[in-house]
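Here's a solo chain for you in structure tokens, the form predicted alone.
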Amino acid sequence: MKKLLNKEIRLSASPLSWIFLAGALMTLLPGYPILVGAFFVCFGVFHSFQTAREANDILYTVLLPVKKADCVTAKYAFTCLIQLLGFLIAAALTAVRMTLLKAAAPYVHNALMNATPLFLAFMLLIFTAFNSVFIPGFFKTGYKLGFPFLRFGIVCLLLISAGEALHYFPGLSFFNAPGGEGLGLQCGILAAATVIYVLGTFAACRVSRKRFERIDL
């Protein structure tokens, strides 16, 4: 598996997968729906799937002396690597916003979602949606990208809308406090989202492996 992941990084990955990690820098933008950054991180991974399809990388990989399902696992490993890097960048910038910049006027008076543990939790939920909606949809055929990504886009839009609307509900305005009020509750939500990400990705990988085993390339 280590060699397959190395192949994904060195041969299959589109440069856009690394470039779109810059989407995590949107965490610093005030007055902007910063969860869109999570979408762009996933969009970068999407380009690697597209590049692999156009180069017949899937067929090349299954012709190697490896299990067919290991091709799927390698794709998930690469996807999770990119997502982890994007998450770490966003988490570091969130810490900066909640400490050094918490009193900055653009963040104090920000009508949209501020960078908090709740933001990081929604970021993980968007990553989970990509791993459980787009990737299993792709491995249902091994080449169709459009509709699986469209379905992910719809789910992503709903999650972004929910994240942006949550602090407008009565009694939940503290979710958007730049200093991290209700930190215990927010960290609890982040922990739950982490569990959802791990279990959801693992379950989606199993589904994708089974689907890929059934198709004839």
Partner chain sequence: MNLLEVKGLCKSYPGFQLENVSFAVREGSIMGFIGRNGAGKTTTLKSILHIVHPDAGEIRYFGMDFAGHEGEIKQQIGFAGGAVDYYKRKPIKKLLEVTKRFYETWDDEACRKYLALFSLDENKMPGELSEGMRVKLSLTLALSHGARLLLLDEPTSGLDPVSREELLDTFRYLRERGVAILFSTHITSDLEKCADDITYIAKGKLIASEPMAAFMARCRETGVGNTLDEIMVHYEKENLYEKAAE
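What you see is a predicted model, and the numbers here were worked out from it, not measured in a lab. Residue numbers count along the first chain shown, from 1.
If you look for the form predicted together with its partner chain, you will not find it shown, but the lines that follow are about it.
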property	result
Contact segment among 184 to 192, 148 to 156, 61 to 69, 25 to 33, judged by heavy atoms lying within 4.5 Å of its partner chain in the predicted bound form	61 to 69
Non-hydrogen atom contact Ala55 with its partner chain in the predicted bound form at 4.5 angstroms	yes
Partner proximity in the predicted bound form: Leu11 to its partner chain, non-hydrogen atom cutoff 4.5 Å	yes
Within 4.5 Å of its partner chain in the predicted bound form: residues from 1 to 28 (heavy atom criterion)	Lys3, Leu4, Asn6, Lys7, Arg10, Leu11, Ser12
